[in-house]
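Next up: a single chain in structure tokens, the form predicted on its own.
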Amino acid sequence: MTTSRKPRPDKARTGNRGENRREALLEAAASLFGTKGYDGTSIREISSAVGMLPGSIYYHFPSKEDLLLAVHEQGVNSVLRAVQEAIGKLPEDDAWARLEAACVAHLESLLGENSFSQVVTPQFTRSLEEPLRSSLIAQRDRYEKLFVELVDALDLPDGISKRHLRLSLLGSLNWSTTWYRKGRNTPATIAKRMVELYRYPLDISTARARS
């Protein structure tokens, strides 16, 4: 007499399926968090969006807070990769061109058609309570260190605060998500114009050449 055995699931397949489910959860959560807010989004809504039972989410993420941290980290890493790729194509001694390329990549990421754009903005973070808010800011600070380096490389006139320039520029870029509408200008054009507002009044010789 022989005993039939159920075939064991292929580990690679189950691993891939689990990873796909995790990615689907991140996408769904990012979309819902971005449109309804963190507090306005329930685990049940996220699970329903991917066809899962609510309790199944906790197999991938221990809590709703952990899910948001993972969503935010993926969004930040996506923007970081885009910026690193953009500035990697330019010589290190062309500081303004590198800053402009970084701003273009930053804004194209934020205004592009992806689920994570609204979640990685300071506007989203400020509505959260501690300690979750500080955890997200720490993730974003890791990315913004790249802009510290880019602005520090600029040759600016005496008395110009590089810190204030950086914060003002990033603030302008990030807040564009609240007013941007497709059609009139592309994200790349907007980013370039924003950099020009800072560059040419400070670079007197270039300003004269352009006039």
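One rule holds for the numbers: they count along the sequence shown, beginning at 1. All figures in this text were calculated on a predicted structure; none of them were measured in a lab.
Missing here is the form predicted together with the DNA; even so, the following discussion is about that form.
- Contact check for R44: a heavy atom falls within 4.5 Å of the DNA in the predicted bound form.
- Proximity of R166 to the DNA in the predicted bound form falls outside the 4.5 Å heavy atom cutoff.
- Contact check for K192: no non-hydrogen atom falls within 4.5 Å of the DNA in the predicted bound form.
- For G183, no non-hydrogen atom is located within 4.5 Å of the DNA in the predicted bound form, even though that partner is not displayed.
- Look at 138-146, 59-67, 151-159, 172-180: in the predicted bound form, residues with non-hydrogen atoms within 4.5 angstroms of the DNA sit in 59-67.
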